[in-house]
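One chain comes next, on its own, written as structure tokens: the form predicted on its own.
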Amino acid sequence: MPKSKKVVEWKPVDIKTELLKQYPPKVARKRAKQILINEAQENSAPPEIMANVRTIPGIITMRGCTYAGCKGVIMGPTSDIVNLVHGPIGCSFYAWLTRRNQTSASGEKNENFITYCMSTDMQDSDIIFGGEKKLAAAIQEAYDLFHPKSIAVFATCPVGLIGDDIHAVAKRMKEKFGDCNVFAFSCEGYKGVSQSAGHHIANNQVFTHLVGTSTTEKTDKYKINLLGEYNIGGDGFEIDRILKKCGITNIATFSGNSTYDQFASANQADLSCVMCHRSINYVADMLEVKYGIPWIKVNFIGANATAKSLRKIAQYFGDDSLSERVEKVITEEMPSVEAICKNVYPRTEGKKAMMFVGGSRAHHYQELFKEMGMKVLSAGYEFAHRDDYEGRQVLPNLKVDADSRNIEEIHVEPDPSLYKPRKSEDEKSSLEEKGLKFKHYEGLNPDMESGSIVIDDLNQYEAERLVQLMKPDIFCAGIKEKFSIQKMGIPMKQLHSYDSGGPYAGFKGAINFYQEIDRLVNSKVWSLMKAPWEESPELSATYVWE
């Protein structure tokens, strides 16, 4: 019998060299700074990576644009705010339900506008003569149809180029209506390095126009804000189920299944819990400065991570009865999770994964893979900054470049009437001594294995070459990469929109994830995915007349 071909084990240094060798020298030097071999050890500084820089022209990036981050990610999951896109219809259609955000109807009128795709549908004549009159008419039409509490207007690339003053139009229409808060976002797609700029623009406007405007007092005992959770596939529903079971009230989610009242009431929470660090950490900081609400980093992806986060929240409030209730919930929920994990573990142990996802997902989902005995070979973000990789301790050393200056930095001061420190400095110091860290995020790198490869702004070429060299059992990313990776015989799981799955957060979400990944990595169909030209180097054919 012929000997089986030996699989070549590539060293991380050689893999990095192989990825770079196809680039021109100048491009290779830049990309080398964005591809990091993780060698972080205990008691040593994490290695430095270059992030939040423009994608090199000609490279097929996996990033989205500023508009996608603003409208699609942040404001898309709101249920009772009308989202009106000022631009060509294609832009609006692109950001319409692509992330599988879920919302429930709210308010007395059971409002839920997420299913609508609303646009001014700009034409050539609007580009030439200006579109402000068309925008005002569209706002009026939306108001007449729905009478919503709020209308949000989003600018796309042509609007910025021709100079339509969307903020003036929004202000004029707000004054005209009186009972509808109309505000706008200058989120033209070209404005930032990636969709991260859109997150920042959206959150700044929500903070400016909505937060702190509610006159209804929230009287619940343990009140939190959940920041950076977008209810993809119903994640937010599962997290809220768990919090409610523990007796914790989620005042406002930014922005999965969010409502106008949630945004307006966010200043009344006692603690902010940050899920996706990149998309919202600055909002947590502003809530603390203006209203006195401290924040901690949490993670509800993974059963163990969920339990740890619940305990952190209970520790903050310092109430024994809450801690007891949290432990009771964990005790009730964990057996079913452990039973499914035990069932799939023999089939998933030792399998290898790669993750290139936005926000903190490439970090959070490592918890779930570890619970299944799987190893993450390589990971990275589409729109991270250095602190998302290396931890918040690098923030003082980050330089503000020209692209970052495109994004308005809001100067916040304590609110004269609404500022109320939830914890004194002594109380916070005492909790810190007991292990509860405020305003703290260690980043992705410290949790990655030594020798793993961390890549910022992965592109199509590098993704395919990585798969060829490292041969993972599953690749997790977004829709742009899905089909090219699957054609290589590797299962590809979308962690932007979950394909048709979810929820994957919390205890029930962990069960869903275990079963989904088990099916994917152990299916035999992937071994049959060879294209005809791979089976036979040359195809023969004849003309129809022969």
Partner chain sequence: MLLRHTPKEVTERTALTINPAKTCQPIGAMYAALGIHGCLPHSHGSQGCCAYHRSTLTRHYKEPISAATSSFTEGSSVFGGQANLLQAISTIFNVYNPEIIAVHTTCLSETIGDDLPQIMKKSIDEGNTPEGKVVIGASTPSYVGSHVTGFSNMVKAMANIAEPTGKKNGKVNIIPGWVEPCDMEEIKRISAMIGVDITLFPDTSGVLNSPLSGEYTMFPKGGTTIAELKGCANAIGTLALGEWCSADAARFLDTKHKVPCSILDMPFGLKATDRFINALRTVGGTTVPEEITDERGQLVDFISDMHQYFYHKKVAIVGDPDQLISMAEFLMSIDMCPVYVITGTPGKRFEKRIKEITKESPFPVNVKAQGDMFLLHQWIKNDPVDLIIGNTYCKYIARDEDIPLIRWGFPILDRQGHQYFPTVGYKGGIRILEKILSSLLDRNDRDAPEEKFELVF
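Numbering follows the first chain given and starts at 1. Please read these numbers as outputs of a predicted model, since none were measured by experiment.
If you look for the form predicted in complex with the partner chain, you will not find it shown, but the lines that follow are about it.
Within 4.5 Å of the partner chain in the predicted bound form, a heavy atom is found for none of W295, L398 and E409. Residue in contact with the partner chain in the predicted bound form (any heavy atom within 4.5 Å), chosen from D426, D320, E217, D124: D124. Between the partner chain and the residues A168, A339, L418, L145, the one pair within 4.5 Å by heavy atoms in the predicted bound form involves L145.
Residues within 4.5 angstroms of the partner chain in the predicted bound form, judged by any non-hydrogen atom, belong to 472-480 and to none of the other stretches in 261-269, 221-229, 286-294, 472-480. With a 4.5 Å cutoff on heavy atoms, T61 counts as touching the partner chain in the predicted bound form. Using a 4.5 angstroms limit between non-hydrogen atoms, Q34 is distant from the partner chain in the predicted bound form.
In the predicted bound form, the partner chain stays beyond 4.5 Å of every heavy atom belonging to R29. With a 4.5 Å cutoff on heavy atoms, G373 does not count as touching the partner chain in the predicted bound form; it lies far away. Along 101-120, these residues reach a heavy atom to within 4.5 Å of the partner chain in the predicted bound form: A105, S106, G107, E108, N110, E111, N112, F113, T115, Y116, C117, M118, S119, T120.
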